[in-house]
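As a starting point, one isolated chain is supplied in structure tokens, in the form predicted alone.
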Amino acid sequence: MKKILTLCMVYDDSRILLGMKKRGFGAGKFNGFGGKVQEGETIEEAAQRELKEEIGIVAEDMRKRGILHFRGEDAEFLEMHVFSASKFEGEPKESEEMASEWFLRDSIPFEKMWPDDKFWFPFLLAEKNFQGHFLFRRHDEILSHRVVETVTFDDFKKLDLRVAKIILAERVRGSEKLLRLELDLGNGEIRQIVAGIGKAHTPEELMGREIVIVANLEPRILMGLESQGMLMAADSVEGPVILVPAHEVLPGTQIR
């Protein structure tokens, strides 16, 4: 079963407010303020309730910043919704559960916090929205982690992803990994891309293949050649794996 939790981080331009857990799970560690979502309340309502119960303040500008997913080796799954606030009513006070303390941003006591905090705090303090995934052994050893900045749908819509057909492929002189590709994007448009796939693919095997490219990427100069876009490939231990349509479509077809 998945448990839904909240966490609210209170900070200003120079300081961050953390709470020392006084009892129960996590006692002795500094953290933000939050807990379980109760039946009948929204995640946002739960975040405000926990903030009020733990340190006696009400956030005036609370906003959602990220979601952290935690999984243990015993398959326990936690989903934590992270909020931030810099304006609030009341004065932080000590409760039966939490004692609050202000820290300078460059003096955050990560050694007394949960081990995942140091990975996602930089996103939070840089005002970036984020998503994180953590696999734990017990509660204090991270086996794997991934934290990335999230983008909005409007951000995604700015990308122009299209199918292109390779009509010419050759190695770039003086480079072991760069290939120069000429691409047919339909309607008479020919595009040049320079791609670092030469160690995993030969020019001969690429001729005539259809690939997916970012067509509106700002041009870059590589080895004196202008690259007018970027092909899409998956990273693997064997090298880049080029993304291709499941079956042939017209060059220039948009990816949605």
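Keep in mind the model is a prediction, meaning the values are calculated, not measured. Note that residue numbering begins at 1 and tracks the sequence as displayed.
There is another form of this protein, the form predicted together with a small molecule, and it is not shown here; the text below is about that form.
Novice: Report whether all of 5, 33 and 116 sit within 4.5 Å of the small molecule in the model of the complex, measuring from non-hydrogen atoms.
Specialist: Yes, each of 5, 33 and 116 comes within 4.5 Å of the small molecule in the model of the complex.
Novice: Find the only residue in 163, 108, 80, 166 having a heavy atom within 4.5 Å of the small molecule in the model of the complex.
Specialist: Comparing distances to the small molecule in the model of the complex, the residue within 4.5 Å is 80.
Novice: Tell me, please, which stretch of 151-159, 99-107, 181-189, 117-125 lies within 4.5 angstroms of the small molecule in the model of the complex when heavy atoms are compared?
Specialist: Among the candidates, contact is made by 117-125.
Novice: Is there a non-hydrogen atom of residue 21 within 4.5 angstroms of a non-hydrogen atom of the small molecule in the model of the complex?
Specialist: Because a heavy atom of residue 21 falls inside 4.5 Å of the small molecule in the model of the complex, the answer is yes.
Novice: Quick check on residue 130: any heavy atom within 4.5 Å of the small molecule in the model of the complex?
Specialist: Contact check for residue 130: no, nothing within 4.5 Å of the small molecule in the model of the complex.
Novice: Please determine whether residue 88 contacts the small molecule in the model of the complex, using a 4.5 Å cut-off between heavy atoms.
Specialist: Answer no; every heavy atom of residue 88 is more than 4.5 Å from the small molecule in the model of the complex.
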